[in-house]
Every structure is written in C-alpha cells, then in structure tokens.
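Here's a solo chain for you in structure tokens, the form predicted on its own.
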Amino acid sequence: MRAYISGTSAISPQSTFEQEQYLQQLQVPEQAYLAALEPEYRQYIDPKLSRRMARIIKMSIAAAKKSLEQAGAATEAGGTAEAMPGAIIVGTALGCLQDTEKFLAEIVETREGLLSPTAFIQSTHNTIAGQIALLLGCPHHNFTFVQRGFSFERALEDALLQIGEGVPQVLLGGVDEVTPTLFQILQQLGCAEGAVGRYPHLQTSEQQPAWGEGATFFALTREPSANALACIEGMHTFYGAATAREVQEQIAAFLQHCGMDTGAVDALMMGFTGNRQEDEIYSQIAESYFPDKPLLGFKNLCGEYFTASAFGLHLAAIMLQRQQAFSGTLLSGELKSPFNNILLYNRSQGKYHSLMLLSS
C-alpha cells in the first residue's frame, strides 16, 4: 500500500527544522554525541505546559505540529488549529530516557521509599504519542511501537495499514534521544565513540559510530495533494546477519514487488556510520549492484540511533521535492535532475535491515 507524504518535519543535530534554512550550513558537533538543535518552542507549545515537559516530548510536539502545518492542515482562526489526523503512530526504541533516568535516580535516593508517580508516568514510551493526542484533542488510533532497530519501521507499517483501511491522514513519527548517561554506557559497551573531529564530514575508520538523536514526523495521506513531497511506494524489513548477496536478493524481491528493477533506481541512500566493518556491506552492495548510481548518506548528519531511518526517509522526501542533494549528503556519483525515486537501505546493529522506496 502506498502513501503520500504531505508534510514532514525533523528536529535533528542539523538545521532541518526551519525550511528556509534547511541544511544551508552543516553543524560541527561540540560534544561527544550529536545533540539535536532545538527550536524556540513558544510558537508550538504553551510555555506553561512546556516547563513540565521533557525535551523529547517538546521536540516531538513541535515536529508533529510542523508536519501538519506543512501538509496544509492548519487554519488561522484565533491561532493555529491542526486538522485532526485519523491516527497518531510513533516509533521509539528508548522512549523518554531523561524521565526514565530521573525515576530510577529517585528510587535510589529514596531507598525504594515513597515516590511521586509523575516521573514514572512521563517515562513510559507511549507518553510521546499520548501528549501529542492530548494537545491536538485527537481521540483516534494512538499507538507506539518499541522494537529496537525496527521501531520506526513497525510504526510505518501500521501507518500504511491504516491508510489502506481508509484513514485519510496519519501522523507518523520516529523519535529517540541521547543523554550523557546513555552515551557513557554505550562507550563502556564499545558501541559508540565521540563525534568531535569526525562529523559531519564522515571519515571511514575502525572507530565505532557516534550516537545521535532526533524527532522526525510525517503527515501521510491516502490521496495525493498538490503540496505532496513524495510517495512511499513500499517498505520491507528482514532480520539477522546477512551477506551482500543475501541483501541484494531481498532488494531485488522488494523492487519487483514495487513493480521495478535495480536499473530503474535513480539514487541509493544508505546508512553509512563511519565504522569500516559496519559500512562494508553498504559499499559492497553499491559497487556490485548499483555501480553507476549516485550514493547518498544521512547518518553523517544525524548520527546513529535506533530510529535514524525516519530521518533518512525525511531527507529523501525533501530531496525529491526540491530535486537537489544537500551539502554532506552526496557520497559518490552525480545526482542529476530530474530524479524520480530514491531507494533507502538502512541497517541497525548489523541485523535490523529495512528497505524503503520513495518516488516523486
């Protein structure tokens, strides 16, 4: 089932929230991980409410409202009122991590004594989708998917099912945050290394990926509109360690299901992280099966995290709409205009594989 992206917004470590300044200048990280550039929330959230909200909640609400506005679903009548989505679906692997840490710290500090339930309530994964629904007054389908590297993909799958069942508009999001505590744990486990001096101009080395974060939202519609950015032709996932040949077989079957072959792909977007071992399979696929296709990257802008594929989908949609490659995104080849489609392949933790095909 295909769906049309009528609006999309991303709060990321780069300047992607304001459309007028979209990726005009790449931001060089000043700390060990790629922290999101947060906008002024006053325009999207009542300051009295935002004071009690965790940053991931504020990021998500702002990106969600921006997506609906961009989709033309906003009206000026005593303020901005978003049209009601028929479903709100969010994918997040770690949820409200900041509030989770706060809740666990209170358990230790009080020696498992009497606790305020606020931190626990706000730490649950479905808080993000719930807060968005409360602010929009949306009583419809509200679901959160938590499945590690497939968290956003499962949310997208549900969104496509909702579209297929006749829901006219779905609000879809992929959200995850990073905190100093999380990054320290990832470093101790050997899963992450510092970003300073490596990003945003990614250099392949033996170093582990730098961790990032972001809140990316989409307004998906059943029917195309005049301001639609792109069309999601399909999505496919598979799990487990796979060789380049096995991945190629999956790609060929997926493209055949979408009614095209590898020769019809105009551009290939992959989740290069800068780690030589992680990126080897990406390079093998590009060189062996798509040798003449322009190669695009996105994790050099947002870093590695469980729902980074949402940012990749957002970036590909913007590229199709504007018919251009932004600074730092073109890794090899030449992206000639007009280009009509982009195939996105992402791999998380070496075993969560996802394919998405977008067309203009």
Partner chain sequence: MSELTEKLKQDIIEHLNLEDLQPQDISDNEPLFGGAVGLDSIDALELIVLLEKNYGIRIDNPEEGRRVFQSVGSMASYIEQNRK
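Residue numbers count along the first chain shown, from 1. What you see is a predicted model, and the numbers here were worked out from it, not measured in a lab.
The following text describes the form predicted in complex with the partner chain, which does not appear among the structures shown.
Novice: Does any heavy atom of S116 come within 4.5 Å of a heavy atom of the partner chain in the predicted bound form?
Specialist: Output for S116 is yes: heavy atoms within 4.5 Å of the partner chain.
Novice: With the partner left out of view, is E233 within 4.5 angstroms of the partner chain in the predicted bound form by any non-hydrogen atom?
Specialist: Judged by the heavy-atom cut-off of 4.5 Å, E233 is well away from the partner chain in the predicted bound form.
Novice: Mark P47 yes when one of its heavy atoms lies within 4.5 Å of a heavy atom of the partner chain in the predicted bound form, and no otherwise.
Specialist: Yes, contact at 4.5 Å.
Novice: Is the gap between E106 and the partner chain in the predicted bound form 4.5 Å or less for some heavy atom pair?
Specialist: Contact check for E106: yes, within 4.5 Å of the partner chain in the predicted bound form.
Novice: Given a 4.5 Å cut-off on heavy atoms, tell me which of 176-184, 133-141, 202-210, 107-115 is the interface stretch with the partner chain in the predicted bound form.
Specialist: Result for this chain: 107-115.
Novice: Among A253, A264, C191, I121, which has any heavy atom within 4.5 Å of the partner chain in the predicted bound form?
Specialist: Answer to the contact question: I121.
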